[in-house]
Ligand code: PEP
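One chain is shown next in structure tokens, namely the form predicted alone.
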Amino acid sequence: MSSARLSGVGVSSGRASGPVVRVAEPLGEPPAVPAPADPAAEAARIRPAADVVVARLHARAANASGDAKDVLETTAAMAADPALLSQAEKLVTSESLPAARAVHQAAAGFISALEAAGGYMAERARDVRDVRDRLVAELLGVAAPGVPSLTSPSVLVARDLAPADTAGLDPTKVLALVTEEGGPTSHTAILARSLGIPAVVACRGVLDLEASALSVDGDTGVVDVSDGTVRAAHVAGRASWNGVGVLRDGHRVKVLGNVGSAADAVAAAAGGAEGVGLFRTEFCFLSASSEPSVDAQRAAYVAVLAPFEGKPVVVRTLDAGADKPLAFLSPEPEPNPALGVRGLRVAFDRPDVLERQLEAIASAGAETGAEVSVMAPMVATAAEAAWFVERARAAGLRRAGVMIEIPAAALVAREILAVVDFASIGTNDLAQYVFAADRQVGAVAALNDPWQPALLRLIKLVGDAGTALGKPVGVCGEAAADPLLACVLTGLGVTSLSMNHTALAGVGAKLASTSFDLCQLAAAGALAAADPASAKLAARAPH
């Protein structure tokens, strides 16, 4: 075993080694028998159990800060979700199920809906599983699954980590994280970066590795058996950034935030974001049984735009379709929803829904003073882009662009940019379409590594088109949150980078330390590489 070496996807920079502590597997499915003698009394156990779980999470949140605090509070809110608890209570009384089994089944419906939604929403299914397991454990009177108490610095190994567990980690005790599942855009990856803990995900076989100590490289994704010597993570301290995205030679690259709620917007503004490169508007549609009115949408958008008065905000129109649980759209069942009627394609049949959303966005922009632009998701051709721009202009929105997340759109980037004001590359979706690899499936997570040369070459096509036509090109996928990759993207012609608020300072500081010619050298090296690991090494050379 001393020569064993595994490889996964490095998602948080740094190197560390030390003794292994394994995280217990999640609870299994609770039994459906015996039926409760008193269903009403059994159902009445559910809300007190939820209250206990919520109180524990709030207590942990009180001792946390930043992104960790946000995640713990969000998980607590999910544990108190009246829809989940009511559904569980109904299952107890209508089907005579034990409370624990009822919670498990009720959560399954929510998990299925989120996974069907794909993309960002599918990644939140892990949060619901965490809440489910905590509630079930409380009802069964057993310890909740999760990270054990650490008495000394250790390398954590798990199948996957719940966001609330990751948020509660002590960086002084956790040397590194290694998970068998997960991907580069998972919540665990994002939180590990914010905590400065080296992390490798999608490391297949790590649970079968009979090693008492491991060495972890969060840059290359390599996990080796070690001799047990504790070596602290070699990571940079918290970056210092003045809030302006500019290279040391004066080359400008805007550093923006990705937001999906008013809380996200406040956090992004506090983190120094120069604006918003991606405002996901799905949050006010997903729980609605009918289409929200123009006034209801406007009010929701105002709350998100308010912290960015006088600053640019790019609003993405509804990214929904037959793969998302929006009943008012009356979607037809599809054999492969990811390749079906979703994103802008929905608007071709229901332009009225798009027109009402554009009206609400324009009104919210006028009310808040934010410099609002709109962009359409899932655009494949220049004709589709032109169709969207025409409707945006009619709604009084002067600046309209599109998402580049379908390979065909990257290949015809010049034609698309000729009819829009800007483009933004969604690297998460673009990668999974390029490699035919679902980003939720750990077995193919390595293909979704944003350092894949094939993905970088597509980005270069778009960057070159933007440079030739004088049109801005942004990146709003998770690739933008990697400081070194941000330099490569800049060298590929990208003019703005949009990311989770925890990554803003690190990216801004990295850009300030380099120059455009070095970014171009790093980009050239990464493009010529044969694989992600080689691309990273080549990009590091000029820096």
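Just so it is clear, the structure is predicted and the values come from calculations on it, not from any experiment. We call the rigid core the largest set of C-alpha positions that still match within 1.5 Å between the two forms. In this text, residue numbers run from 1 along the sequence as written.
Omitted from view is the form predicted together with ligand PEP, to which the following refers.
Novice: Would you classify T317 as touching ligand PEP in the predicted complex, given a 4.5 Å non-hydrogen atom cut-off?
Specialist: The answer is no: T317 has no heavy atom within 4.5 Å of ligand PEP.
Novice: Within 4.5 Å, heavy atoms only: does G491 come near ligand PEP in the predicted complex?
Specialist: G491: no, not in contact with ligand PEP in the predicted complex.
Novice: Is there any non-hydrogen atom of C476 lying within 4.5 Å of ligand PEP in the predicted complex?
Specialist: Yes.
Novice: Do D429 and ligand PEP share at least one heavy atom pair within 4.5 Å in the predicted complex?
Specialist: Looking in the predicted complex, residue contacts with ligand PEP include D429, since a heavy atom lies within 4.5 Å.
Novice: Counting only non-hydrogen atoms, choose the one of 140-148, 160-168, 273-281, 444-452 that falls within 4.5 Å of ligand PEP in the predicted complex.
Specialist: That would be stretch 273-281.
Novice: Between K254, K471, R101, R439, only one gets a heavy atom within 4.5 angstroms of ligand PEP in the predicted complex; which residue is that?
Specialist: Looking at the other structure, the residue within range turns out to be R439.
Novice: Only one of A79, L417, M403, L175 comes within 4.5 Å of ligand PEP in the predicted complex by heavy atoms, so just point that one out.
Specialist: The residue from A79, L417, M403, L175 that makes the contact is M403.
Novice: Quick one: which residues from 184-214 get a non-hydrogen atom within 4.5 Å of ligand PEP in the predicted complex?
Specialist: Residues within 4.5 Å: H187, I190.
Novice: Using a rigid core alignment, state whether the CA of P307 is displaced by 2 Å or more between this form and the one not shown.
Specialist: No, P307 moves less than 2 Å.
Novice: I want to check G365: does it shift between this form and the one not shown by 2 Å or more at the Cα, with the core superposed?
Specialist: After core superposition, the displacement of the G365 C-alpha between this form and the one not shown stays below 2 Å, so no.
Novice: Inspect the rigid-core superposition and answer whether the C-alpha of P163 shifts by 2 angstroms or more between this form and the one not shown.
Specialist: Yes, shifts by 2 Å or more.
Novice: How does the CA gap of L247 and R193 change in the predicted complex versus this form, closer or farther, if it moves 3 angstroms or more?
Specialist: L247 and R193 sit farther apart in the predicted complex.
Novice: Quick one: A189 and L518 C-alpha atoms, closer or farther in the predicted complex compared with this form (3 angstroms or more)?
Specialist: Farther, not closer.
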